[in-house]
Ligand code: OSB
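Read the single chain below, which is given as structure tokens and is the form predicted alone.
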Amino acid sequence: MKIEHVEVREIRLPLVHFFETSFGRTTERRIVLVRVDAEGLTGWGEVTCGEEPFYSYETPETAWHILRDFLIPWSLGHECAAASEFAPRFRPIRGHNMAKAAIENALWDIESQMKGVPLWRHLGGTLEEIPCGVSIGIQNTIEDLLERIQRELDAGYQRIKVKIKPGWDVEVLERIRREFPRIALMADANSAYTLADLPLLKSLDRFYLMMIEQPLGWEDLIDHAKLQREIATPVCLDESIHSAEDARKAIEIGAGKIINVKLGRVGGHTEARRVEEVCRSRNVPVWCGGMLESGIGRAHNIAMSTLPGFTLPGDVSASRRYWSEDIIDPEVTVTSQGTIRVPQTPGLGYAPKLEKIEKLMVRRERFG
């Protein structure tokens, strides 16, 4: 497989409802899309970073720089036998996994088309229907949050995740459990706490959460291990896990009992498969986290979520939860049972709406 052309585009996509975490509130996404042409076929990937360097240091500007000045020049004209060969080729560049993932995932898309199989099957996926949860951001009031939870339950979602931060935690979870005592519920802190908050974090055990996601520092494993020994609620690691090696080390020291896998955070499908294998071999469940992706990133998440280790409902939900109109056809839909049926056509299984992308585009560069 030889890369002939690469095109990078930035689009602006407004959310239908703001999304707030401990990092702040988002109303519009800046999304960098990567189109790769090879062997007469086209593949698509998405840079899933946020607009500001809060979840990670990557932003649309850093991704554009790394793609334009390093990853694309290293890729153009290069012959490779498999998409998985690009991960080691990119390894000398430290970090910038979300930029790397955009190119690599596009190549996996092309490779699955060449083989005439759906991407999910080419990755080794086994699930033809994936269970879906939903992530709900911090709302203006608790009443607003309870209303949104009810709406998502009515839509069939199998698990509810709510964002928490100091001052929006215990009272919020108390109200949720009072209204919805039996739902599968988890809380995501996005590194908003420290071990000084141990009494508060221990008090959350009474809410019987499925897990508490990334309560402590974004690169920490040691303090998470200390915390897990003190609380009954399973700790789920997100920001701390950038590779299969990170996952192995976290499991060995007991830093958590569950791992959230995000394609961008780990650098693409090649490393995501390794993380899944490490966790599955050690009986640690994984699930797919979300980054407010457009349909292209969402479609790649669907493919990844079919791997056998993804036993918990992920954050892969319907397009219309986020966008008035997504940039793929068909848009992602969720069944009344809270599942997504995976596509059966070769490749990604969803076609980019080029006309829609053109309307949303604010800049573009073509290489090769």
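The model shown is predicted, which means the values in this text are computed figures rather than measured ones. From 1 onward, residues are counted along the sequence shown.
FYI, the form predicted together with this ligand isn't displayed, but the following is about it.
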- Within a 4.5 Å heavy atom cut-off, is S135 in contact with this ligand in the predicted complex? yes
- Task: Answer yes if any heavy atom of D188 is within 4.5 Å of a heavy atom of this ligand in the predicted complex; otherwise answer no.
- Result: yes
- Query: Taking heavy atoms only, is D326 within 4.5 angstroms of this ligand in the predicted complex?
  - Reply: no
- F310 within 4.5 Å of this ligand in the predicted complex, heavy atoms: no
- Message: Is it true that K163, D238 and Y322, all three, sit within 4.5 Å of this ligand in the predicted complex, judged by heavy atoms?
- Response: yes
- Which pick from A83, M211, M291, V275 sits with a heavy atom within 4.5 Å of this ligand in the predicted complex? M291
- Note on the structure: Note: this ligand not shown here; in the predicted complex, the stretch from 249 to 257, 110 to 118, 292 to 300, 85 to 93 having heavy atoms within 4.5 Å of it is 292 to 300
- Note on the structure: Across 5 to 19, the residues having a non-hydrogen atom within 4.5 Å of this ligand in the predicted complex turn out to be F19
